[in-house]
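Presented below, as C-alpha cells, is a lone chain in the form predicted alone.
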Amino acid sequence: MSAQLQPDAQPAPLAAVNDFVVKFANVNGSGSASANELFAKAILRMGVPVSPRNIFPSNIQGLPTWYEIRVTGAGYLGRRGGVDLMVAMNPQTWNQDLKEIEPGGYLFYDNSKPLPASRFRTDITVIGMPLTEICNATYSEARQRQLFKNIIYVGALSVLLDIDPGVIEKLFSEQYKGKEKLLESNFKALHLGRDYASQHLPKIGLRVEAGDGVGDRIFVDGNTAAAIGCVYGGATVCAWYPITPSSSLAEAFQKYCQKLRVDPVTGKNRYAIVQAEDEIASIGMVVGAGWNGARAFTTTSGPGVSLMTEFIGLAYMAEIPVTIINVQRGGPSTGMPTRTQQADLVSCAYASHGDTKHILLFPEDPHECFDQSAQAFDLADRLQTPVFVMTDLDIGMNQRLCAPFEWDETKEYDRGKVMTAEDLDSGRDFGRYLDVDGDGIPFRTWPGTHPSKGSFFTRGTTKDAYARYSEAGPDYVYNVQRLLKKLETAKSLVPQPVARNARAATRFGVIYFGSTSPAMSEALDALDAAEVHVDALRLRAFPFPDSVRQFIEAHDLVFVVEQNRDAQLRGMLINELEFSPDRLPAVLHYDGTPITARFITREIGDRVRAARKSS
C-alpha cells in the first residue's frame, strides 16, 4: 500500500517550487470538478498564481474529463504544454494520460487494484495510494465513497506538495458556512488523505511555497466578467437561447441584474431577460429592443450565430445597434461543444448575405471581457450597427487571474447621433440615412420622440437618404458606400492594438489576438531568451486600425497565430489590407485545447531559424 517507485528511471525526478503543471484525469459526473477547483484555489490563497483549465465532455456524466492547473510563480497564465504531476483517476484514459507526463515527472493513482509493471513508464515516479480501499473502509454509501474519494486525494496531494491544510479548511468553512455537518465530513476526508500520505508516501520534488504573487488581482471567469460588463455598460435587455459555452453569461447577467437593477423603492425590475425559443427569436428581440432605444444584447456561440445571420444583416442594413457576445467553441455544425477555438471570425465579420462587415472586439482575458462588453454598447450606439464581442470557451468558462475591474462613476454613455424633439422643432433636416458630417453615421430618432416629426420607415431593403423605398442604383450605392465609410470611422473608435517590441531589432513579427495572449506572452519571453527576436502586435478589434498595416509593412515576415484550421485572421488581413500571402505565414492550433507556449515557441523559433539560413 506504500508508494510504488519504478526502477531504472533515467532522468532525475523533476524538482520545482511554484512552477509546475498538475493534471487531474477523472470521470465526468464524479464530483471531481469541485475538488480540483478547491485544490487550485488553495494554492492561489497561498499567494501563488495558478491558471486552471477544465476540459470536459458535452454529456452529463460517464465520459472522461480533465482539469489542468498551471502553478506559475512567474505569473504565466497560458498553457505551457506537458504535465509534471498526473493524478490519474480514470482507467479509460490511462495510456493517454501517461504519455503526457514529462520525463522525470510524477504519476499519482489509486492502487487499490494492483497493475502490472508493463502498465507504467520507467522514466517517471509512480505513487500509488489505495483510495478505493480507504473509502470502502470509511463510508457505507456509494455516493459518499465517490465524492469523498476526491477530497481524500486532495488531502494526500496537500502533503506531497506542502500545501497549507489550514487554507483548505478555510475554503471549506466559506463554502459550507451554516452547513456544519457537511463541513465536518469534508474535514474528515481531507485528513484521511493527509494522514495516509504523511505515513506512507514519500516527498516529491514539486513544492508549493507561500508567496505574494497574486497581489490585488481577482480570480474570475470571462463569462461572469462579460455579464458584469453588460450591466455596467447599460444593458437593460438580454434575449438568449441556451448553448454551450455561453449559457452561464446570461445566467450571470440575471444574477447581477437582480442585485443592481432592481428599483430600491418600488422593487420593480429595471431590466428584461428573455430565454427565447431559439436563437432566431432571441436576435429578433434584441434587434427590436435596439430599434426602440434600449441597450440590448444576446449571448451565443457559433451555431447560434449561423441561425442569426438574417437578423444580423437586417440590423446592419437598417443600422440598428445590437451587441452579440460570441463565446466561440469548436465547429463547424455541432463540432466540439465543450472545446475551444477561434474559428468564428469570418462568419461574424461578414455575417449575412451580400456585402456586410461588422465590428469585432477581441478580449484577451476576463478583465477585457468586462471592459469590451461594456464598450460594445457605446460602439453599437455610436456606429448604429451590430458589434460582436469575440470571446471563447477558454476565456469564458475558465477562471483566470486578472486585474480588478474599474469603472468611472462619472462616465456618460455614448448614445451616438440621436435627434431630439427640440432638434426636430428647430427645423433641422432629418434624413434617417443622411450623412451630414462625412463620418458615414446618420442621425436617428427613438420611437415617441415627437408626435409628428422624425418618423421613418425601418427596412432592410434599399432606400434613399430619407428612408424612402428606392431601387435606384445611385441610392443603393450611396448607402452601401456610406456603410463602408462608417467602418473607416470605427477604426479610430475600437480598442487599438497592443505592441510589444523584441529586445533587439528584427525583421520578424507576429500578430495574435484573444485567448492566444497568455501563451504568447510566455512564448515571446522564451524566444527572446533563445535570441529569436520577434516583434509582436496583439489585435483587439476589427476593422483593423491603420497601425496594423504599418506593423506588417515594417517587417519582412509576420506570423499570424490563431486557433482555427483555415487561418481566418490571416485571410482577413490579406483580404482587407491587400498584403501578399507569402508575407503572412500562418501558425495554427485547432485541436480544441488551448494553445500552449511550447507550441508557439517551437513553431516560430524553427521558422525564424530556417528563414535566417535561407536569406
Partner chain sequence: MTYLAKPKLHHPTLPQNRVCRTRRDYEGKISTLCAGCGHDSISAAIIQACFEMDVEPHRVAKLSGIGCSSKTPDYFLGNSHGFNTVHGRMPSVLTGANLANRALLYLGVSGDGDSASIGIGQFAHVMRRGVNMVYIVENNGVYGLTKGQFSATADQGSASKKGVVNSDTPIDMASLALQLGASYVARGFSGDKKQLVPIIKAAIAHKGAAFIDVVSPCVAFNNHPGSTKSYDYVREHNEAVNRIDFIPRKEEIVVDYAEGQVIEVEQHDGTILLLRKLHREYDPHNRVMAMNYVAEHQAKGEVVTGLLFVDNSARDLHEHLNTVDAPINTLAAAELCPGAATLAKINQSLR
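Positions refer to the first chain, counted from 1. All figures in this text were calculated on a predicted structure; none of them were measured in a lab.
The same protein also has a form predicted in complex with its partner chain, omitted here; what follows describes it.
Mapping the unseen interface onto this chain, R45 counts among the residues with a heavy atom inside 4.5 Å of its partner chain in the model of the complex. In the model of the complex, at least one heavy atom of T449 sits within 4.5 Å of its partner chain. Under a 4.5 angstroms non-hydrogen atom cutoff, its partner chain in the model of the complex lacks D528 among its neighbouring residues. Looking at Y271, you'd find a heavy atom of it within 4.5 angstroms of its partner chain in the model of the complex. Look at 98-106, 455-463, 298-306, 205-213: in the model of the complex, residues with non-hydrogen atoms within 4.5 angstroms of its partner chain sit in 455-463. Contact annotation: of the candidates P474, G178, G427, P404, the single residue with a non-hydrogen atom within 4.5 angstroms of its partner chain in the model of the complex is P404. Put simply, of L115, L487, I280, V418 only one has a heavy atom within 4.5 Å of its partner chain in the model of the complex, and it is I280. Shown without its partner, the chain has G284, M285, V287, G288, A289, W291, N292, G293, A294, E310, F311, L314 in segment 284-317 as residues with a non-hydrogen atom within 4.5 angstroms of its partner chain in the model of the complex.
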